[in-house]
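In structure tokens, one chain follows: the form predicted on its own.
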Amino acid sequence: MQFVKDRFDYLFRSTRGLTLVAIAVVSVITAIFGTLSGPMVEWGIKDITVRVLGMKLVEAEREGRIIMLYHTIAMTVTAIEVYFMTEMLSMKRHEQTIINGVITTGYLTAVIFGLLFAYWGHNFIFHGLFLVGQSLVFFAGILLAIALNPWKKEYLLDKDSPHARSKGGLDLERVAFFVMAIAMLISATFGAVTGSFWGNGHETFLGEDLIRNPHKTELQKAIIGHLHIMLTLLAVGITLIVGRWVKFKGVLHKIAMPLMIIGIIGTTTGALSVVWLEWAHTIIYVGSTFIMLAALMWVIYSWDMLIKEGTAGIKKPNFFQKMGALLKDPLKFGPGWQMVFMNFTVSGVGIFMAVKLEEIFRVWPHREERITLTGHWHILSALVATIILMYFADLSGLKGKVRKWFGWAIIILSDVAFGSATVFSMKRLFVDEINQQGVVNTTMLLMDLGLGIVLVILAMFMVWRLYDLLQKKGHWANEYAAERRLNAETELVEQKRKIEELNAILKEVSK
């Protein structure tokens, strides 16, 4: 019994354990529901999954199922980022506990009952519980925003701090986290308000299906803005998180944080104002530029740090020694590289499409433009997932050759898949439909192989974590002991502060 209690406590009462559970949930969802599309349909795997699990799939309801599936994954990834934030950002112990507890209850309720409703018949009690789960996730976001409040005295920075700060001492990095949380709450409200009109002026649709429709309703525009900015904010969130991971500071940090804050506000404003403004995309482009510049500052800092640490014992390192130091640890190098690679597969493609939309892309058949747009946000979300995975692998204590093999496999295979997806989506630029089959076959094969092997590697990682969880003195036990010790120290500091405040009040009263 103690065996089960200890593991349950680790999985649901520690930040690392909660993160592991959430990653396991995403892994299971990806493994099961990934068999319902792509080559799995042609190979007959979909039919086996549907028959074995007793799913009830009506073709006319496909869009609704996909929307439900995307929401469950997005809320789980949001929970993972929240866990990272509550662990690394200063906040009171009770705030961390409540936020983690509420968002865990919320996303698990939404995932379980949302998928049951969508794929196993439409029991509307399940749909109601799905909405309850979403509401709890939203409430956790409110609690997080309150906890992140950068104007609290205990979070102000002094003049000698190496981190970005305002004249009044505001921690601008904390401000960026706070602004991101507020932006996500506003965007979630946009989605919720539109959802409340389902069946009363709003019908289910996929964003890529409306690209050639010149007359979109305000509710449709609201959903399009909602889905774009939520994905962008998840990318912003992991960028800020890995910045804390590598202890981002100094001149570049002081440049990056104001850019990030302006970028978050601008991009969010632009994405949500598509409902009213025809030129809203201009605001998005400006805001995105600020975010990309902030990310560039982080990449420069992190790579420079890796080079300096790797060549610390060399008086005058040459180019190859610097490159060796930079590439020595793929888990530390990978997040920065994925952000750079993102410019070739996501940002660059998006900007090119915007500039040449009427001249090139609207001349293409609808299917080709639809493929490009669909690939655009799928690649971005998958890139975010690889960065999360590399960060968590580092937290999990991967070392030696396993660390290098794991890191490089994730980087190389995912980039082969994403690069191939980009070529596939843009193929009409350099090959006509009659001669495209060779390009289609090659890119599809590389996509399937790359992503398939990445999923196998993820499965191996999760099996290792499961095996470790069964050990009496595994890595999980060290994680849990370290977190409990840190929590105890935090609570002692909080108690000491309360006693000091109480003593100060008593002195004032006695006077």
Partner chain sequence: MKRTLFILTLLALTLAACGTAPSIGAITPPFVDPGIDPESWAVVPAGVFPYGQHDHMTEVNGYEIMVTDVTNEQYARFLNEALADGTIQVGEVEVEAGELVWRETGVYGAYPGDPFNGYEHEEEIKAGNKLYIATTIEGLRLTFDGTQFAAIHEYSNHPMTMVTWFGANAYCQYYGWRLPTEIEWEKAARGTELVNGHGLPYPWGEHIERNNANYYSSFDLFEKMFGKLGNTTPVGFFNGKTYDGYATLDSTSPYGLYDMAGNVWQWMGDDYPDQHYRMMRGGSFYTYEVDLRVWKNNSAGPQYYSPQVGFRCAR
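Numbering follows the first chain given and starts at 1. Owing to the predicted nature of the structure, the values given are computational and were not obtained by experimental measurement.
The next section is about a form of this same protein that is not shown, the form predicted in complex with its partner chain.
- With its partner chain left out of view, the stretch that reaches within 4.5 Å of it through heavy atoms in the predicted bound form is, among 338-346, 136-144, 361-369, 237-245, 361-369.
- Only one of Glu309, Glu95, Asp209, Glu218 comes within 4.5 Å of its partner chain in the predicted bound form through a heavy atom, and that residue is Asp209.
- Distance criterion of 4.5 Å from any heavy atom to its partner chain in the predicted bound form singles out Arg428 from the list His376, Lys322, Arg428, His127.
- At a distance of at most 4.5 angstroms from its partner chain in the predicted bound form, all three residues Glu42, Glu61 and Pro214 contribute at least one non-hydrogen atom.
- In the predicted bound form, at least one heavy atom of Thr204 sits within 4.5 Å of a heavy atom of its partner chain.
- For the chain shown alone, Leu446 is a contact residue for its partner chain in the predicted bound form, at least one non-hydrogen atom being within 4.5 angstroms.
- Taking the partner from elsewhere, Glu278 is found to have a heavy atom lying within 4.5 Å of its partner chain in the predicted bound form.
- When contacts are judged by a 4.5 Å heavy atom cut-off, Asn478 does not count as touching its partner chain in the predicted bound form.
- Residues are counted as partner-facing when one of their heavy atoms sits within 4.5 Å of its partner chain in the predicted bound form; in 301-322 not one qualifies.
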